[in-house]
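Given as structure tokens, the chain that follows is alone and in the form predicted on its own.
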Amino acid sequence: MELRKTTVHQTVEAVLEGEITAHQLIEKTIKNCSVLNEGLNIFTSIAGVDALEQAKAVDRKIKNGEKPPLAGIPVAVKDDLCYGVLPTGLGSAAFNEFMSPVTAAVVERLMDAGAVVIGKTNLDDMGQGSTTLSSPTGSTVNPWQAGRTAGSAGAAAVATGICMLAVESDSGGALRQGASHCGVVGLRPTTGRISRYGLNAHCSSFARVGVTAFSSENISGILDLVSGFDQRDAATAVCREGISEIIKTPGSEDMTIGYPVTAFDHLEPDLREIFEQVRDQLSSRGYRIKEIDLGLLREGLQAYYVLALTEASSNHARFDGIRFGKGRETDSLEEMYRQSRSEILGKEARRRSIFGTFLLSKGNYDRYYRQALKIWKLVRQHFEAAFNECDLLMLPVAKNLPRPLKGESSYLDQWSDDLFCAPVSLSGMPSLCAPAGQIDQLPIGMQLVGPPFSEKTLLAVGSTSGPRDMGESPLSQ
């Protein structure tokens, strides 16, 4: 069974009807993990025996007459989400053997539904970045072109057919950019829809737990299973009385998609041409395309980084070698802090902590932080105003092709890659990355943004937009 060529529903049916056992499916999956991981560096740890035991437990449930809705589905989990069976490295060399006493809420829900965790995926330094270039274990290779980064290890796992689903975090755009670079589908949900319990967030205001899959249909099949109220995450209180879904029929003449023309001016001509083709395809399929003005993208990016850096400074304070992390035996408390934090925090995490502390210092708080809060509010208002005119918005995901694995790029250049994703994070709206086309055999994704709790509409429209089949990546199984 080739996971890339089947849906979650088809695979579950095959397991429930006995065409293949969960154990056989996971055994094959783990073998593929080991082979592909050597060249692509997708996983920080692979479940192995533990995954096979999970699969056997699923098979026993089926023999007893139960029908788990995700029976045997292999899932990859980003390494900033806690999982009690495997080490949770958090993107730090100091935590490579840390065994979390808890398991993230989204992982619990997937396992309760019969899914099997096959491994933890690579991430940037303390989860801060959208490339994996700052990862302490090395970068994840793009399955479409070996000389470039995947952006997201979970997206690479899905693109190669190792697993059907990947659970990932997204703050400034890591999940969405990874999906774009690897030619798969990635969903960042509405604030509060999916519990963040068990997620190590460097900027709590914007961190979300999302899902990556090969198709919109696969995400649709599990969305309700992972959504809902969780008393351990206050943000999910919006789901307590049930979610008022916004569901509209794809292709309906009553559905308007906003096309912010000035946003595409930031792209090179060949990239812009791809999105113009997608716009025309959507129009030919019955959607009304409306050109709108969506300003504050650059200002939103700048505000996001001011706020994200200040929150990172605060969140990193606990990693001092006393409360969290390995402490060093030294002659002074100051030296212990210095050595411990140098080991726990990599170069990128230290940079963000220092900048964040500076931005919160006397005089800079009003000059930078308070102004960023004002822009945050304005960005939300701009998006809300746009949805008074349109049902959905169409935006690029990334302004560049995936970054090369070799060669220097400044941290400011890497931060600027979030130009189209960070403002959406500020808005709190749900966002879907779906394939739009290819340049030089590298996938390009587009971003569909909707009002709160319009995920099912986004997934339905995403399944009808862009190319019907991206083909198979050269480095896939």
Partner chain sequence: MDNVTDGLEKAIKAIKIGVSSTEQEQLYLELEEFLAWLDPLLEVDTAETGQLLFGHDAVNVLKGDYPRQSDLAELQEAAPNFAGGFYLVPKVME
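As the structure is a computational prediction, the values presented were derived from the model and not from experiment. Residue numbers count along the first chain shown, from 1.
FYI, the form predicted together with its partner chain isn't displayed, but the following is about it.
- Taking the partner from the other structure, its partner chain in the model of the complex has no heavy atom within 4.5 Å of any heavy atom of Q281.
- Mapping the unseen interface onto this chain, Q302 counts among the residues with a heavy atom inside 4.5 Å of its partner chain in the model of the complex.
- Interface membership of D254, defined by any non-hydrogen atom within 4.5 Å of its partner chain in the model of the complex, is ruled out.
- Remark: Q231 counts among the residues lining its partner chain in the model of the complex, judged by a heavy atom distance of 4.5 Å or less.
- The partner is not drawn, yet in the model of the complex one stretch among 405 to 413, 40 to 48, 66 to 74, 439 to 447 has residues with heavy atoms inside 4.5 Å of its partner chain: 405 to 413.
- This chain is displayed alone, yet in the model of the complex one of N200, S169, S353, T88 has a heavy atom within 4.5 Å of its partner chain; that residue is S353.
- Of the residues given (A213, V107, L309, V397), L309 alone sits with a heavy atom within 4.5 Å of its partner chain in the model of the complex.
- Remark: all three candidate residues (R240, R370 and W376) come within 4.5 Å of its partner chain in the model of the complex, counting heavy atoms only.
- Contact residues in stretch 312 to 343 (any heavy atom within 4.5 Å of its partner chain, taken in the model of the complex) are E334, Y337, R338, R341, S342.
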